[in-house]
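Below you will find one chain, with nothing else, as structure tokens; this is the form predicted on its own, and questions on how it binds or moves follow later.
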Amino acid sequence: MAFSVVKGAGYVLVHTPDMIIHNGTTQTSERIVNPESEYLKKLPEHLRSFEEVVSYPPNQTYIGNITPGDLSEYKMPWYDKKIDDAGRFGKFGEIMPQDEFIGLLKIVDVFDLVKLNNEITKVAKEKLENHPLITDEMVAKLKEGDEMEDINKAINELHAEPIYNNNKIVGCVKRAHEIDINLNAHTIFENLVVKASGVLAMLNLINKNDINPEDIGYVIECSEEACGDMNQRGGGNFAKSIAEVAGCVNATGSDTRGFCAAPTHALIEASALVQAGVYENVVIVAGGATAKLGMNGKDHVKKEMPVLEDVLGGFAVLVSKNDGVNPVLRTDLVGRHTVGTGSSPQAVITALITAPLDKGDLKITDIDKYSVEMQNPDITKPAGAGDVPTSNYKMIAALGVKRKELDRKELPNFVKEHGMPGWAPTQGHIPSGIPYAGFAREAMAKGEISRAMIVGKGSLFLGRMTNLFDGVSIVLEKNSGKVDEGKGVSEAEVKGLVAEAMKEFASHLLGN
């Protein structure tokens, strides 16, 4: 079967300053352990405005208004830099403000669990009516708001999760069951955030790439949350719930979970489904994680910085059958961290980078761009985690030197030429490889690069089921224009061979 292709990508960010304070696990944990924390007192002074978030160079990179190459021209740190006349809408997606997103939470809620007061309902409705991707049918779900008396009663007596805007309660998310911990208000809130931000990413994918949602046959959702009930806590299905709102009436789907590596797992799964002919169009999609908001906030406040983990991240990528135009997904060049690989850096890089390259008789330098853990170093360096993408590139380059595919003096140039600065928010699954898919597609169309490698890595020990590390990778390659790429023998060739064999067989019989 022919290799599948990446036919489009969409990327979204949602600015959620109040959710940092009230829903990020660093802050909620601090409130339990140390309610009089100096950090919690100082935190509001370190929150950015929507305009600051929009003009922040890495965020403009994420939605496609500037390229990773453009971002590298800005001297670090980036948090004190801004892009003049930056827009909330970009080539790949958008940055949505919190009040609109609160309205979207209500729109995607199909069990009447979200209660919003009149004020936020009116504001959200007016703004979403002017949003280019939110339909009249969606906006119609924002009816009259609820009275604050009823909202406060749900919070104080029925364990509902408050929704804040401008540090004021404007609504709540009710629990979906009285005793089921998997349907408590906190979990329902997290899951509705995943769904809403996933829907926003899907809508941007469809719009930016002129896709008919009815042509989508399968959806794979690959965020870090899980939805279910006490009998099947991860049963799902975020994928179909997102597809439903986005108008993908002919799609089915399922959820894939793998911590940070999940998007690359999903990309490989999608490419295999299309290549096998099961579905013609598969979308992989992921919404954002409230738990990760302000994750490194203590270090940012300590260093008198703004809290940079103030956005939810989402993405959607369309994988389709080979059209002879878009970049192909080389399913024959897949890297994988197996149970027996080991967790040393060299073992991991060998399994994910050089092992698949060896299958294709390729050198490390034959990959034009490596998209690894594209975490924004503006966020991670103040927290002591260093520049994660650069560290990965140095390890890849070192292995290239060891394999004699690279001279030692070429190490600095390798990082610059084959790597990129990180620009993705630390939303767990979002940075891992997938942020570059849209840029790779664009660069290959322009003839700027021929090959890229998407690398996803994860930490399975976080689930306390195994100490194993995880990771997968796949090579993305410029389309040669031959739609039968990846086939051993074409259908026409098979018919020809059969006809020739029958002719020879008949001749043999006549000869006898």
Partner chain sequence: MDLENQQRVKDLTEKHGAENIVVLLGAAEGEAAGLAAETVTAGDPTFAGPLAGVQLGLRVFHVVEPEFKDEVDAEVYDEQIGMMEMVLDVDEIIEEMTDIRDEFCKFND
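Owing to the predicted nature of the structure, the values given are computational and were not obtained by experimental measurement. Numbering follows the first chain given and starts at 1.
The same protein has a further form, the form predicted in complex with its partner chain, not shown here; the description that follows concerns it.
Chemist: Does any heavy atom of residue 398 come within 4.5 Å of a heavy atom of its partner chain in the predicted bound form?
Modeler: The answer is yes: residue 398 has a heavy atom within 4.5 Å of its partner chain.
Chemist: So, residue 360 and its partner chain: in the predicted bound form, are they within 4.5 Å at any heavy atom pair?
Modeler: Judged by the heavy-atom cut-off of 4.5 Å, residue 360 is well away from its partner chain in the predicted bound form.
Chemist: When the contact criterion is heavy atoms within 4.5 Å, does residue 143 count as touching its partner chain in the predicted bound form?
Modeler: Residue-level check for residue 143: no, no contact with its partner chain.
Chemist: Using 4.5 Å between non-hydrogen atoms, is residue 391 touching its partner chain in the predicted bound form?
Modeler: Contact check for residue 391: yes, within 4.5 Å of its partner chain in the predicted bound form.
Chemist: Looking at 75, 404, 303, 416, which is the one with a non-hydrogen atom within 4.5 Å of its partner chain in the predicted bound form?
Modeler: Residue within 4.5 Å of the partner: 303.
Chemist: With its partner chain left out of view, choose which of 132, 235, 277, 386 has a non-hydrogen atom within 4.5 angstroms of it in the predicted bound form.
Modeler: Contact check passes for 386.
Chemist: Only one of 424-432, 342-350, 177-185, 209-217 gets a heavy atom within 4.5 Å of its partner chain in the predicted bound form; which is it?
Modeler: Partner-contacting stretch among the options: 342-350.
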